[in-house]
Ligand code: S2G
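To begin, one chain is listed below as structure tokens, in the form predicted alone.
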Amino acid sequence: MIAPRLLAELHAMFSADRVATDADSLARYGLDWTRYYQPAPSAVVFPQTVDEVVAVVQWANREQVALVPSGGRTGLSGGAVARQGEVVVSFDRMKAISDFDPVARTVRCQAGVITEALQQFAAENGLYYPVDFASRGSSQIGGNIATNAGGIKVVRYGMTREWVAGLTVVTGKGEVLRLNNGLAKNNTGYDLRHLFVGSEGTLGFIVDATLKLARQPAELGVMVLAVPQLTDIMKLFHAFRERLDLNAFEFFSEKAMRHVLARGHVKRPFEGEADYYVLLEFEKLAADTEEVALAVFEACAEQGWLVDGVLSQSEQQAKDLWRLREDISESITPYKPYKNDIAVTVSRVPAFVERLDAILSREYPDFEVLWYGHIGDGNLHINILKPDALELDDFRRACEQVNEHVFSLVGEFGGSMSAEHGVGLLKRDYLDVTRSVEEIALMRAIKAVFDPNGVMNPGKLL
């Protein structure tokens, strides 16, 4: 914990209602959705301006105090955990949306803007912000950019990086950088903007962003398909993508869906059961789009790649079908799942999945293993649920032993050990699965340039 003198300096820097040291605030703001760490920050501060962010970063450099950024704290890798007396910098008070440009289709957002608030703003102005995920109601734009958030529409729209037209950042030295200024073309050397996308707060704090918007999609259709074998899923992906403009292509297991159904908020999509399910979303760009979708369905059924399915007939039914996929993470949170968020190139998914399934079946005979994810972009989420009788630390150690087998396979396939959740604390020691020794050395050198005193989210990522 920091000294009383330093706490007094924070109180002098911020008004009384923007410095929190009570136990509830420290526990709330010192932890993200990762449940393997105990939060122990010294204080939480709530800046309202860029100048205040600069001031607290410069103070941290003078006093050698570590800072941890806090957005919506929906991360799953421990990237927003403060466990060693750090000062948490929360962006809850920086929520302005401004500088909307309908011609350029851009808008400026402060770091604390909630994802859903930006989506609603875009919709009110006849446009669309396509980066989307289940935590849209609490995740914040700054955190989305810092982790290069992906989500359910990547197969069509790409990751957060694709939508960042400009950034204002405060570096680890307390310098303000205004990067790219929302330009569509700016070929003037190194694009530092992209260093901060996915940097997890280790180089500096993102304080605002100019984001691109898209046209609103046409009416959407949602299908849920029952799939007998995991290896058939990519056959379905290829078949449907050949004929339809897919916005999303998700999958989940029967075991995962049962946890959602147990809450009683949504119903099973059809009477029969299968081991796996696919959810796909497409735009109805032509009058016969639904007929095309049903024709593909019938052709796939004849091949034995699916055994049942449903096509949404209303907006509400489409939302209910999406909940079967999107509510999984929240439904299993009480089980303190150990999560692996891995990816390979789409063309290699079938071979990878077949071998991964064999590893998980062999190594986790006594644990419940749930499969789901954004398989249309090669991203699989593997969730292992903690048995009630097993202590959390023992459970984590058991899962980490299996990581050696899983990540060895990921490395063999040239994949990523963290497709969209980031590295944080939880996956930091596995960085060399995806990054070479030379790359990691360069990453350390880049951090030293932007954060020479190591005050920015230390211990995360590197």
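Only a predicted model underlies this, so the values are computations on that prediction, with no experimental measurement involved. Heads up: residue numbers just count along the shown sequence, starting at 1.
Missing here is the form predicted in complex with (2S)-2-hydroxypentanedioic acid; even so, the following discussion is about that form.
Contact check for residue 381: a heavy atom falls within 4.5 Å of (2S)-2-hydroxypentanedioic acid in the model of the complex. When (2S)-2-hydroxypentanedioic acid is considered in the model of the complex, residue 153 lies well away from it, no heavy atom lying within 4.5 Å. Shown alone here, residue 421 lies within 4.5 Å of (2S)-2-hydroxypentanedioic acid in the model of the complex, counting heavy atoms only.
In the model of the complex, (2S)-2-hydroxypentanedioic acid lies within 4.5 Å of some heavy atom of residue 372. Contact annotation: of the candidates 193, 73, 339, 136, the single residue with a non-hydrogen atom within 4.5 angstroms of (2S)-2-hydroxypentanedioic acid in the model of the complex is 339. Contact annotation: of the candidates 329, 168, 106, 247, the single residue with a non-hydrogen atom within 4.5 angstroms of (2S)-2-hydroxypentanedioic acid in the model of the complex is 329.
Here the chain stands alone, but in the model of the complex its contact with (2S)-2-hydroxypentanedioic acid, taken as any heavy atom within 4.5 Å, falls in 373 to 381 among 373 to 381, 203 to 211, 231 to 239, 386 to 394.
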